[in-house]
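One chain comes next, on its own, written out as structure tokens in the form predicted alone.
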Amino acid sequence: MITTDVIIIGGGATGTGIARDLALRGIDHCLLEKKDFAAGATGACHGLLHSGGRYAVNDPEAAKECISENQILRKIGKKCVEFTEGLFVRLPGDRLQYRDNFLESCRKTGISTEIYSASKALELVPNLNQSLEEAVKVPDCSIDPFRLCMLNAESSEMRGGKILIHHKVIEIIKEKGICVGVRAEEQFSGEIKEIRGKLIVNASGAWGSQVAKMSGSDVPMTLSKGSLVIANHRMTNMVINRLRPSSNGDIIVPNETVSLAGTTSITVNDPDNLSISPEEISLISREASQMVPEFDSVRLIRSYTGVRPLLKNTSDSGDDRAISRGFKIIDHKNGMFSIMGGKLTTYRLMAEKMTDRIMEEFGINVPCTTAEKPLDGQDQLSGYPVSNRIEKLDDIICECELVRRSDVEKVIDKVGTKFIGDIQHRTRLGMGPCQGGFCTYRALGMMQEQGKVSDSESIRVLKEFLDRRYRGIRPVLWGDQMREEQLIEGIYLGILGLAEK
């Protein structure tokens, strides 16, 4: 049995952020995540460190939080952030009145802006729509959510925090109506572990309501599905937004060697039962191509979807985009707190406020320092662009993302993983144009060499990874992408003999 002070359920940005904050304030804790870090909305976002511009007009409080946290994360998480900056582009038909409201709202919320003529915008991003009217520069950035979670978790572990990934909470233990611990199942071995604590924090995002119900509580949530697509190369070096009220397909984000475009907003009931329709793919591509015409013909290599865990929709509009991106802490009065809402950009602030509440419960007065202290472990990481990471080409395991053998070996040795996805999240192996088609089996071979998986386990691990990979690729299978997928299928079924296993 493990005993601790605080049990955190959820390994996304908020959960790992709380773990880091607790560690810096000297509070013992244990974090449980049923999959790997960033397995929910954190890892399924568009990798945008918001300036707040997207919310300035309709959600000024969220905008203020975003620009404040944007500036903080630029300082404490330099190896997670690419300082791309962003453009809000106004196209023919986009209302000038909205532009004026946008500029005034940005001024009031503290978001710096700079108006560019069409020619200046095209000078910065030559493949923008040539008919654009003007653009507004804002301090948007690209951010790696996986790195962010890993570094927060590292800060926790360096100070004695316990981090248990691939451990699913199956029971909340209650005594005399008070939550005193959890039982969790290790997902590979099936081992059941009991963890006892003084407080439980439900930071499980879209699964927050399910976790709360295990304790006899309720969390009022609206689940909004957002789908995105990945283009096979980096189309711009700046974040591109449409200068109009938030809608479908109006953001393009450069992310290492690829580009992400999205998103949609569709209310769903079950975060574990998601699919992407062909209509969503077409809608995103069509809208993105209004800003960057090249998007209409680019090869899409993957689609993915996640669920935004929003505050309960109380409006009559039926539009999830009208729901505030603010956050809320709920004290269930039974030894459990839930933290809900928010977004990736404001994760640190959410963690600070949640940890403040915990400190109040414990009667301890230690201030938060997460806004001043840089994230631990960044000195071991290279920055942007990805090409800066390679010294010897013969050391490469993943050609698309230039991942080195030594990087993969470090992850296998440190994490002791039995899941290819764990390597992917920590190195970007398989996140480029081939989506793991030519590097997955190499990484699996290295796992076998180090004795992390047996021959029989390796086939299971590989099939699970390929199934997950195909679910993301299937919605965008046409043209060149279809031909590449047939080649990869032939390699695995024929040359590598997977059909015989």
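Keep in mind that this is a model prediction, so the values were computed, not measured. Note that residue numbering begins at 1 and tracks the sequence as displayed.
If you look for the form predicted together with a small molecule, you will not find it shown, but the lines that follow are about it.
**Student:** Tell me, please, which stretch of 336 to 344, 191 to 199, 292 to 300, 423 to 431 lies within 4.5 angstroms of the small molecule in the predicted bound form when heavy atoms are compared?
**Tutor:** Result of the contact check: 336 to 344.
**Student:** With a cut-off of 4.5 Å between heavy atoms, is Lys168 one of the residues that contacts the small molecule in the predicted bound form?
**Tutor:** Flag for Lys168 set to yes.
**Student:** Is there a heavy atom of Arg469 no more than 4.5 Å from a heavy atom of the small molecule in the predicted bound form?
**Tutor:** The answer is no: Arg469 has no heavy atom within 4.5 Å of the small molecule.
**Student:** Report whether the minimum heavy atom distance between Ala351 and the small molecule in the predicted bound form is within 4.5 Å.
**Tutor:** No, Ala351 stays farther than 4.5 Å from the small molecule in the predicted bound form.
**Student:** So, in the predicted bound form, is Ile412 in contact with the small molecule at a 4.5 angstroms heavy atom limit?
**Tutor:** No - in the predicted bound form, heavy atoms of Ile412 and the small molecule never come within 4.5 Å of each other.
**Student:** Identify which of Val307, Val136, Ile281, Ile163 has a heavy atom within 4.5 Å of the small molecule in the predicted bound form; exactly one of them does.
**Tutor:** None of the other options qualify; the answer is Val307.
**Student:** Identify, from the list Ser156, Thr355, Ser204, Asn241, the residue with a heavy atom within 4.5 Å of the small molecule in the predicted bound form.
**Tutor:** Contact residue from the list: Ser204.
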